[in-house]
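The chain below stands alone, shown as structure tokens; this is the form predicted on its own.
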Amino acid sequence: MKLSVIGISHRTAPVEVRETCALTGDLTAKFLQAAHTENVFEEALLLDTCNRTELYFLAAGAGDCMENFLTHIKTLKGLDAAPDKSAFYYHQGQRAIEHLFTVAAALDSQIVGEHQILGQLKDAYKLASEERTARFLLNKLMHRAFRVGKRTQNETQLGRGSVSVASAASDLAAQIFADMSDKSVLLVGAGQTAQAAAKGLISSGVRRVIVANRTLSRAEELTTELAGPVDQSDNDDQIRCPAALRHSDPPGDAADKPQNGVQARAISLDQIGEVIGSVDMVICSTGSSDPVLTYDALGDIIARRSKLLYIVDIAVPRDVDPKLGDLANVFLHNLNDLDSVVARNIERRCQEIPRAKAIVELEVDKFVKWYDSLQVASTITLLNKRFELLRAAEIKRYGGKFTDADTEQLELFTQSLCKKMLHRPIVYLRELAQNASLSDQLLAVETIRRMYELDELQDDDLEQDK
């Protein structure tokens, strides 16, 4: 099998090396356009994300595909020299299929089980199709990879449970509140982790957000972002990779995109007492060296509430006075609580790895068997068998209408007729095997196999061999 993959990832190189090789933006399309006009790659698909740059391809000839790929990276990125090939891996045949399916199953991700990679693979396939570098084999291969990713998501717990502090905070809130749509959240501080937690809560249904920050202008910036256009691309466990957004958003300004319906406003830290009596959740993540939510300032206000209050303290040092957690209507979680949730979820995901690997192995085996079935020699054998079965069935059906003296002539006639009918298809297949590209050969063979239902014959042969 001439299918191969050349790549660099978080497993083989640090980020400063990977970013020099990343073909982001229109560089991916430019590479595929060059691949389409050259005679090095018969088919090609480029997957470029924050953690990997991988080229899946069929080699067209005897050229050095690794050297060609690295030279293109050098040219497209304007580097002084081609990247060091020691940071790249090169898998061929079944090993290349195993690698792709492992990537699609999120088993090779930096965060095992994340769902983002499947969308990135679909974007890569879409672009390769548009540039006409994904033909018959990559078309079949990528759709099987999508199937692997979906099976892993649906049939295992590999992607269940948050493995980031921000997502864990959202998950705990969902356990406390059955319905998030009528809940409001107060963000104390505008740091990245608190921001990610707020986005997670918004994804869960929260539609009212208040941001309190020492610098009011920064709070206003964050409220604008939280109440901005709908972004379907956020991942629960990591910051969205810019490379993945290459084809995600249609042209146009943010104003052209649907809004998310979130009501957000900014306040200063000294206004927290005015709003904490009405919100349902508080997420704290400031850089203060002293507690921001103190029992002395807020204890009475919170105690008079008629409903419970969920507080998450992500800050180090802690922003929330532990005494507030002693109030009957307060659920207080800090980093220790969230870390334990994350640790349990990571352990749960690790326990699912064998099940996900079993899906990958099964699907690799199926794909390899499908590919092997498209060999010309075996297809010609099955084609002859199909016609012989049809011939025998018709003789059995009409043979009784002939005299014994005519039976021998009937046999000779039907054999000759089938041979003549098979002549051109067999010659065509043999010519393809000698002269056509692998993609054209596989497409023609599969068409003939479907036309005459040859896979059924092959399955019958395998059953008889058992």
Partner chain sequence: MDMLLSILNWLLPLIYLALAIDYGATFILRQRTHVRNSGVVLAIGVHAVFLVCWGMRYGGLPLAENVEILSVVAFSSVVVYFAIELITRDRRAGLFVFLLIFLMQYTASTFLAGEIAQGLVATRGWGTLHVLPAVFAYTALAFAAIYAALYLIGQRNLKHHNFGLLFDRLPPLDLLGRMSFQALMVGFAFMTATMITGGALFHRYGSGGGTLPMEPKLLAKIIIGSAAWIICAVDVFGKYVLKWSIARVASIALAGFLIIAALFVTSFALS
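Here, rigid core means the biggest group of C-alpha atoms that superpose within 1.5 Å across both forms. Positions refer to the first chain, counted from 1. Remember, predicted model here, so these are calculated numbers, not experimental data.
What follows is about the form predicted in complex with its partner chain, which we do not show.
- Here the chain stands by itself, but in the predicted complex one stretch of 96-104, 132-140, 172-180, 294-302, 172-180, has heavy atoms within 4.5 Å of its partner chain.
- This chain lacks the partner; the member of 387, 331, 125, 88 within 4.5 angstroms of its partner chain in the predicted complex by a non-hydrogen atom is 331.
- Checking 369, 391, 214, 344 against its partner chain in the predicted complex, a heavy atom within 4.5 Å turns up for just one residue: 344.
- Taking non-hydrogen atoms only, residue 74 never approaches its partner chain to within 4.5 angstroms in the predicted complex.
- The shortest heavy atom separation between residue 327 and its partner chain in the predicted complex is within 4.5 Å.
- In the predicted complex, residue 265 stays away from its partner chain, with no heavy atom inside 4.5 Å.
- Its partner chain is not drawn, but in the predicted complex it has no heavy atom within 4.5 Å of residue 218.
- Relative to the superposed rigid core, residue 204 undergoes a CA displacement of at least 2 Å between the shown form and the other one.
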